[in-house]
Each structure stands twice: as structure tokens, then as C-alpha cells.
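Two versions of one and the same chain are coming, encoded as C-alpha cells; call them structure 1 and structure 2.
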Structure 1
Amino acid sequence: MALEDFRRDQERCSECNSCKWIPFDQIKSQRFAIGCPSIAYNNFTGYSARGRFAIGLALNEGRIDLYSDKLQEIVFKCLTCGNCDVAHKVCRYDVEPLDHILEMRKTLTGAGQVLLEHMIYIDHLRKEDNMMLEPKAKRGDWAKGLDVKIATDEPCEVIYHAGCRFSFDEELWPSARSAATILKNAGVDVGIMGKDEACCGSRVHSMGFEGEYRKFAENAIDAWKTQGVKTVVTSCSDCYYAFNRLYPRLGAHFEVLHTVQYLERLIKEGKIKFGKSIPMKVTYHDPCHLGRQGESYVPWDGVAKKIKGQINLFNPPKPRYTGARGVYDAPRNVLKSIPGIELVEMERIREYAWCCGAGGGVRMAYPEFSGWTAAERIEEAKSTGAEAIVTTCGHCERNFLDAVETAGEKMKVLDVVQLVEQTM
């Protein structure tokens, strides 16, 4: 697609402001009513989905210059969390705010309008297959000492894909090691790619670098096909989104599961037994790419028409990604099955959850904005009386850990899989 293809959406926006808030029937307090971190932090309408629609239309009509530092900032100072997208679809299902923002980014990167802060990571990705600024030779170090298959050496039905954050962030290694160990001990024919694993491409896709994304996606798909892989399991929500929502557009046909989905399956089958109790009150944070963006891809090849010049009609009906069918129950069911755990909910949950602040390249280019967003979520977690915020994404975990350390908070930050292993 091209930015011009979004002209209908740009003109169709009715300035209802739904993109800025969680739906009004979901609001429980004024303190936690807003949905879009970008507009909340910058406090100017240009940073909302509505503002970006207006800017996109102005670009299409040649009324503003593509080569502008301020335009760059407005386009890239967005977490691409998708909160505006699902909230907007409550009343306007026929516009795509998130896809529009991603297309604006592709337009800018295609014209050479890239952030210097991003290029540091893109250059490293091109050389070392990751944006963690680490050598690719260290990719499999997280699994040292684990008796788990290396998929390139022997066949396996299930691939466990750790992802860049879990592979290179040593503080988070225990989560990946626990996931691989639990699967293996439950009798799953699981293997890892080790040093041959590479970036999924999800994050670079959200930053507008489509060529780099396709390279990594196509390489992964080819490798899994060659090895006869049937199921791909990952602990990274960004990777889950890539494999489940993006890769099928390139011809991928694998079963894709997040670790918590597989854990829920193993618990139901009686292959995971809990022997200890963890007396702890926790609250669960829904990662954007596992939750509202975790809906499976539905192919569509149709046309848009207008009836009497006004009413929009898609023939055949267009898939409606409302966020409601994301992965919400599995992590909660796993937590509820752990003896001693008391789960309490924050005000903004499921498809209307507040973002952790790590996505869309914002942590790389605008760390203050990223940190502020994480701190807002920690405040919401504290309001529940929980002693720990639990999540299922390494990027969320890292941003929360940094926010807690910066603020000197006592809130614990945990991964669901860590709690499961502690009780076994």
C-alpha cells in the first residue's frame, strides 16, 4: 500500500476523539481514563490518531513538506500500541488508524527521513541480526547448560523462539530458560535454533523498515519449512505478533503459540503439576502485541464501495480487528491455577490496556517518553494493592524493571513462566 491508499480514512475521520480515550463505558476513574500515551504525554492533537490522519491528508495533498523535523517527531513519537485503533473501532470499524501510522513511517523511511537514533540499531541489525547491539555469536548463550535439542542438528516438531530481548538481556534469561525447560520436561519434542535464531522483524516493521522486516521474516519461514517444524512457541509478544499476524501474509502456515498458551494446554492435560504455594497478590499486564494486536491474520481480497456517495461498503465484508480476540484468558488462567496466587485487575485491561512504553522504536529514540509511559502503568498497578506486576513479554518486563528502579519502587516485576516454575 501507499499513503495515498489511506485517503478514504483520512477524509472519513469524524474527530470523535475516541482514539484518545478508552471507550467511555470502560472508564472506571478519571485518573486511568486515557488510552493513547502519545497524546497524553505530548498534549497536542497532532500526536493523536486524529492528528496523524490530518497530517497524512496534508501530505497527500502537498500542503506540507515531507522533509521536516517536526513531522518526523510526530510520526515516530508513537508507540504503535494500537490502543487508538481498537478504541476507535467501537464506533468506527471502517478506518485503520494503526495501519495508517505504520504507512506514514514507511513513507518517511522510504524518503530517507529516518531518526539517527534508529539508524544505530538498524545498522547493527543488518550486521548482527539483532537490535540489542550485541554480537550474533552470543545469541544462544542464554541456553548454555540446558539439555535441549538444537533444531539445526536434529529434527523437532516444536521450535522455541526466545526472541532478541530474552536472548541478550541476561537479567531476563531465567524466563527463557524456564520456558524451554518446562516444555522439555513435559514431554514436548522441542528444540531451539540457538546461535542461528535471528530477529523476527516485528519491531523493525513497526519502525517503517519494510525491506529489513521481509528479509528476516522470509528467512525464518524458509528455515522452519526446511526443518519440518509444525509449531512455533515464543515467550516474546512481539515475536508472537510477527508469527501470528504478519508472517501468514508471506505464506507461513505454522501453529503459533505464546508460551502461556502452551502452559495452559499442558496444565489442562495434567502434564504440569503444582507442588508449592506462592502466597502473593499480583496484577497482570496485557502486552499490546499479545493482547489487542494478538488476533490471528484473516486474509481479505475485496473492494471498498460507497452507497449513495456516503455509506461505505466492503465487498466481501472486511475482517474487523477489534482486539477482543487477543490472548487474554490463557495468562490469567495459568496465574489462577498457581496455588496461593491472588490475581487483581487494573482498570485498563485486555484490549484497552495501557502500553508499557517499549514499542515502536520509542524506547530507542525517546527514552523519557518511554519511561514515563512505563511509570504510568506502575502507578496503575500500585493502585490495585498488588505486590507484583506480572507480564508475558520481555520488552514490557525490561521497561517496567527500569521504571521501578528509577522511581525507587518496591513493586516486583515478574514473568508468568517464572511463577509456574517456582511452584513445580
Structure 2
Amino acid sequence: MALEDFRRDQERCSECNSCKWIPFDQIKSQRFAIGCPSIAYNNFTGYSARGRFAIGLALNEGRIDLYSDKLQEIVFKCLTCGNCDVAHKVCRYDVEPLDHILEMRKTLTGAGQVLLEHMIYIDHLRKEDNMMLEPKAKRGDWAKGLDVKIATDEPCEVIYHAGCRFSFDEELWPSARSAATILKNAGVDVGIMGKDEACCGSRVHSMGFEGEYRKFAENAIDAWKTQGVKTVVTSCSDCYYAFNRLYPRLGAHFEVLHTVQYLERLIKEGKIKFGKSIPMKVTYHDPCHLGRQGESYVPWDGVAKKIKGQINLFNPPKPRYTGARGVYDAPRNVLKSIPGIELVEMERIREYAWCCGAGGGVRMAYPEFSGWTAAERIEEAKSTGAEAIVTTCGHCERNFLDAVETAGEKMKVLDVVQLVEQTM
């Protein structure tokens, strides 16, 4: 694909503004009606899917210059959270705003129109295999003292992939350690890659660095194939998205599970027994990459066709990613099964959840925008009366933790896995 291939989307955008809001049917208040953080924070229409279609078309037609600071800002000041993609698919079947922004990014990075803030991370990633500006050598430290197999030393069926955030963000280590321990204690033949684990490439993919992403993806796929891995489990929604949605395009065929899905399975099978009660009112934040973008990849290779004169279709039918089949119930079911936990919902949930603000390279390049987006979510969590916002992604957790600290809030930020371990 190239940006030119998106001309049909650009010319068929109906400018209806759905992309700026959560689905109109789901609006419950003015306070929490907006869906796209980018337009909400930046206001000019270019910072919406609709505006980006107009700009993409202008680029394709040569009406604007590819080498422009403003263009760079408009293209990279988007969280790639995918709210626009969901909201407009309530009505449309032939326009792909999320794929379009990702393609715009690839076009810009290919031409070297990258952000220096991003290049700092990219240069580091090239040398140290992580997005956290940390030395490679510290990669496996999170698992020190854990009695878990190292997959490079002995074969295992299930790989627990910690991911960059959980591997290097010490405050989040307990989540990863809990996950690996729970799986092992439940009798799962689980192993970790330890210091040989590398970045999944999901984040750089969303930033438009296709080349970097592919290097990491191809390496990971090769390594797992060699080790006979059947299942990959991760506690990071970004990694989940990479393994579940992106890797199959490169020929990967592993079962991919987020830790909460595995936990849900183990609870159902009676392999996890809860002990003490945790009396706590919590609300759950759906990470974009586990929720609306958590739908599995469906192979497709088709061509456009028309029926009834001018109805646009694809032959065979093009997979429709609407967010309908994202992972929403597993984390909620796990939470509900924990004794004492009362789950209350925010207004924007499931496929139309508000983003945490960490995605798409925004946290690296536009920290204020990223922080504002997180603070918005904390406000929404507070409005439910919950004392904790619980999630299933290290990146969301980190952005919320920072937002809570900046604002001096009392809201607790937790991972579902931590709550499970606390009760066991």
C-alpha cells in the first residue's frame, strides 16, 4: 500500500464529523462525549480523521508540500487510538481512517520527515532492542529470583512476553512477576525469554516506522518457531496487538493471549482459587490495543468491486474491524470474580473508550498532550466514584500513574493481574 492507494478513502470521507465524537448513540453527557483526543486538544480540523483525509488528499494531489513542520505535527500528534475508526463504522463500510493515518506516517518517515524526539527512541531501539532508553543488559531483571523457565535454555509451550514497559519500568515489575507466577503455579508450561526478549515493534509500527517494526517482528517469529512455542501470553496490550493483529500478516501462527484472557480461562477451569476479599470500588479502562484494536487479524487479499451500479464492495469481503470483537469481557469477568471488588463503569467504555494518551509515539514527542489525555480519563474514572482505575496495559498504567501524580489525585492505578494475585 501507499498513500495514493488511500485516495478512494480520502475522496469518500463524508465529513460527517463522527470521527470527533464517540458514537452518537452512546453519548450520555457533554462532559464525556468527545472521542478523539487529537481534535479535542488541538482544535483545528486537521487534527481529526476527517481533516487528515483532506490533508492526505492534498498531499496526493501535490497541493501541499510533504516537507512541512505543520504537516509533521498534524500527522504525529495523533494517538492512533482508533476511536475515529470505530465511530464512523457505525454507518460506513468502505473508509479506513486508522489505516490512513498509519500510512501517512509511513509516508513521512520514508521521506525522513520524522520527529527528533522519535529518532532518539528509534536510534536507541536499533542498538538496545527496547523503547525505554534502557540498556539491553537490564532486560531480564524484572524476573530476578522468579522460578520460571528461560525459553532459550529449555523448551516450553507457552512464552510469557513481558514487553519493554514491564521489563524496564520497575514500579510495574510486580504486575509482570505476578503474571508469570500465577501462570506457573496454575500448571502452565510457561517460560520467558529473559534478557533475550526484544521489543515487539508495535509502538514503532504505530509511529510509522515499518522497517524497524518488521525487523523485530521477523526476529521474534523466527525465535518462537525455533523454540517450538505454541502460545504467547503478554500483559501488555501493545504487545498483544502486535502478536495478535500484526504478526499474522508476516506468517505467524501462534495462539496469542493477553494475561487476563489466560486468567479468565484458569478461573473458569478452577485452577485459580481466591482467598481473601478486597473490598474496593474499581472502574476498568479498556486499552485501545486490547479493546477496539484487539480484534484478531483476518487474512484478506481482495479487489474492489461494485454491485447495484455503485455500491462499493470488495471481493472477497474485506474484513471489517469495528471493535465489535475486541477483548472487553475477559478483564471484566476476572474483576467480577474477585471477592469484594465492585466494578463500576465509566461513560466511555469498550469500543468507544477514551484513550490513555500514551500511544502512537505521542508520550515521547508531545508529553503535554499525552498527559492531558490521561488526566481526562482520570476525571472520568473519578466521576464513577471508584477508588481505583484498573487496566491491562503497562503503557496505560504508566500514563495514568504520571497523570495522577501530576494532579495530586488519590486515584489508585492498578493492573487486573495485581488484584488477582493479592487475593490468592
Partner chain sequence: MALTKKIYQLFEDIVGPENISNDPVVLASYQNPINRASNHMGPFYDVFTPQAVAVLLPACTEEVSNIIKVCNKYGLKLKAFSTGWSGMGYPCEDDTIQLDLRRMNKIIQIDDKNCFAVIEPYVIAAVLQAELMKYGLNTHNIGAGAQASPLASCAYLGPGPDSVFMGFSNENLLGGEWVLPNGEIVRFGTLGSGSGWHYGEGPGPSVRAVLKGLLGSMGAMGVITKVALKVYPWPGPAVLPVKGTIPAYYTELPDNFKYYTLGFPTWQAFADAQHKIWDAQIGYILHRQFNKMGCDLKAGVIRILTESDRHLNDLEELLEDPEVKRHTEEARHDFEIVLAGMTPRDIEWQEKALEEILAETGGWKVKAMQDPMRNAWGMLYLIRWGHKNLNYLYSGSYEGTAGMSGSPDFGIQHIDKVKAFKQEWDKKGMMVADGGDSSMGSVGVIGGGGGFGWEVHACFDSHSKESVEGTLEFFDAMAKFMKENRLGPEKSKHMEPMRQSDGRATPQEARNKMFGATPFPIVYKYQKKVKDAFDPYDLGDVFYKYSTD
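The model shown is predicted, which means the values in this text are computed figures rather than measured ones. Sequence positions of structure 1, starting at 1, serve as the residue numbers. Only residues modelled in both forms are compared. In this text, the rigid core denotes the largest set of C-alpha atoms whose superposition between the two forms falls within 1.5 Å.
Only structure 2 comes from the form predicted in complex with its partner chain.
In a core-based superposition, a mobile segment is defined as at least three consecutive common residues whose CA atoms each shift by 2 Å or more; between structures 1 and 2, just one such segment exists, spanning 305-311.
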